[in-house]
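This document opens with one chain alone, in structure tokens, the form predicted on its own.
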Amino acid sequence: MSDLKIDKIIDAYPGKTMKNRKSHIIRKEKGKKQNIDANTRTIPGIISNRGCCYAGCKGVVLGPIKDVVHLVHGPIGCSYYAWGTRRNKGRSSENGKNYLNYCFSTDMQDPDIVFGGEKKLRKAIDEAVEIFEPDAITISATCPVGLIGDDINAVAAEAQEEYGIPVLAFNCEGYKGVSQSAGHHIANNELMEHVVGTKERELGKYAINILGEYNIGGDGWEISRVLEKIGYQVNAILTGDSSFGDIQASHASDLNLVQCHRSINYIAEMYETKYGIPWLKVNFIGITAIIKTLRDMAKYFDAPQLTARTEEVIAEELADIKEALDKYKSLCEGKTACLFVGGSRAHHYQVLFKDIGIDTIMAGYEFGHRDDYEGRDIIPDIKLTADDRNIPELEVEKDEKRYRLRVPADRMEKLKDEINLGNYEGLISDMEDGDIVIDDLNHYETEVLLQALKPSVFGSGVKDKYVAQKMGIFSKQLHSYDYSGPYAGFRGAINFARDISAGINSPTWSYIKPPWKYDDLALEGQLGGDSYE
């Protein structure tokens, strides 16, 4: 795709909008340091694919914690993000408590908006304790709660004192921040401040936490299977299939693995500052990626037996999937993909697509920040905005009782030269020359870019999947996997290859006539003075 065609898309906007959107789109130029705008407010009137702050807090980070009652304080419509939409999977804890299939809401009505909803919230907590006897309760506030001023923190404190269990309040009203990213931040800060480090646990060798893995379609289970086969002890996953106790005891691990950089990088650094746990940027999506991750982990622990076992497991897993991988790769070879997904998935899935012979030609994030695109080196240059200041910052200090140095300082510096220890280079670094990188892709841009690029598959979010399919392009929803998965790890890669090859090669698409093939439709008309075709 040429620069000229990108300019045509931008030129279709009014001047002020054009200037804004131009800074959110780049064409990768190899060897050149490129900047992109991100984490800024969506332009009013544009149909964005973003979610809200509450969706990020309750829907992404808190929701997968299985033995906690997650109470949504707000109108029932907001509980769309509380009832199985993310397909977080969880096995029951030893105590049998697993509430993932439930939806808890205060169902605020007109009188609650006028006279306040605190009494209703208190009653809901009473009922939850009486019926479910949970180990903890979270309260997530939606927009009306912030507007009328209900004091959910006071209600939570009162209930915690009465029932003797943690009752955590999250002021994550949907309007805060510019996207669901603000909600991730609020949820993680609260967990770090009030949950992590409140329970002791004896651990064996090679104990790890996985941060930013939400067990969509069982991804976390497949990752854990491989890690435990090698000899690692998965102490806690934040927050996929996790119990409250796992998070409380997560400070005792020897290494944090960061899967989704965007949703959880801030507390990875807090773990290191407070408890001395280094973090490693990993990717369990894609065969090439998981092999690199496993070898990086072995380098970190530097134990000959663990390193040897890592290579044995890699060889065994590759042998098991070789026949299926070869078959599906022959069906996908030479195809192209566009990716527009929430957080790090638009980066991670490029590896898996490459493994099955598909090149990614466009990628972007719904709620990424500049460091997710450009790497962590850019963080000192990112200026705080008024929206950022709405989210309370959390400063942590060394926990003198629990802090311990996992790796000597001189070896840490050496490791940083070899593996992604405490570092992430961002999406742009792995894109090919000429590829498109786009932030906060909207409905209009989705249509014109798909029309221009005509990819074989569009890896989408929740709201844009059917835009592509109505244009005759197979779309794979990469937030909840369209009821399939797992896609992580070696076996997950084969599940993904099977689903993609079936979708791309389905005869269904021959029955759909793309809009650009109709002579009388505007999509093939004049934009900015020239045709797109």
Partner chain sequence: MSNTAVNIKGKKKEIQDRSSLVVNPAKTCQPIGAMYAALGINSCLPHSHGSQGCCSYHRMHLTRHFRDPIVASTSSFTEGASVFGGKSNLKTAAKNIFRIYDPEVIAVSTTCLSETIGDDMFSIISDIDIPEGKTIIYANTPSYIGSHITGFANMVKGMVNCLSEKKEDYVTSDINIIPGFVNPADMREIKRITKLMKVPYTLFPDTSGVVDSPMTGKYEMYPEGGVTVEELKNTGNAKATIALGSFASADGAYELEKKCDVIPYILKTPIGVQATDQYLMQLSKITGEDVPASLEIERGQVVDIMTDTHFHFHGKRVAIFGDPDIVISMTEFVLSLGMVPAYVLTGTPGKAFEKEVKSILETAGVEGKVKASADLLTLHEWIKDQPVDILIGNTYGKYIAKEEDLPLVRVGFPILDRSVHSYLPIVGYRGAIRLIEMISNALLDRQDRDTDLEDMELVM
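In this text, the rigid core denotes the largest set of C-alpha atoms whose superposition between the two forms falls within 1.5 Å. Numbering follows the first chain given and starts at 1. Everything quoted here is computed from the prediction, not taken from an experiment.
There is another form of this protein, the form predicted together with its partner chain, and it is not shown here; the text below is about that form.
Which one, I165, L394, I378, V462, lies within 4.5 Å of its partner chain in the predicted complex by heavy atoms? Checking each option against its partner chain in the predicted complex, the one that comes within 4.5 Å is V462.
Quick check on this chain: which one of E400, D417, D410, D110 has a heavy atom within 4.5 Å of its partner chain in the predicted complex? By the 4.5 Å heavy-atom cutoff, the listed residue in contact is D110.
Heavy atoms within 4.5 Å of its partner chain in the predicted complex: does V234 have any? Output for V234 is no: heavy atoms all beyond 4.5 Å of its partner chain.
My question is simply whether D387 lines the interface with its partner chain in the predicted complex - judged by any non-hydrogen atom within 4.5 Å. Flag for D387 set to yes.
May I ask you to check whether G96 falls inside a 4.5 Å heavy atom distance of its partner chain in the predicted complex? Output for G96 is yes: heavy atoms within 4.5 Å of its partner chain.
Taking any heavy atom pair closer than or equal to 4.5 Å as contact, tell me whether A497 reaches its partner chain in the predicted complex. Outside the cut-off, so no.
Suppose contact means a heavy atom within 4.5 Å; in the predicted complex, does that hold for all of Y80, A124 and S480 with its partner chain? All three within 4.5 Å in the predicted complex.
Determine which one of 225 to 233, 422 to 430, 132 to 140, 337 to 345 lies within 4.5 Å of its partner chain in the predicted complex, judging by heavy atom distances; exactly one does. Flagged stretch: 132 to 140.
Are there residues in 162 to 190 with a heavy atom within 4.5 Å of its partner chain in the predicted complex, and which are they, in order? Residues within 4.5 Å: G174, Y175, K176, G177, V178, S179.
Taking the rigid core as the reference frame, is the Cα of K513 displaced by 2 Å or more between the shown form and the other one? Shift at K513: 2 Å or more after core fit.
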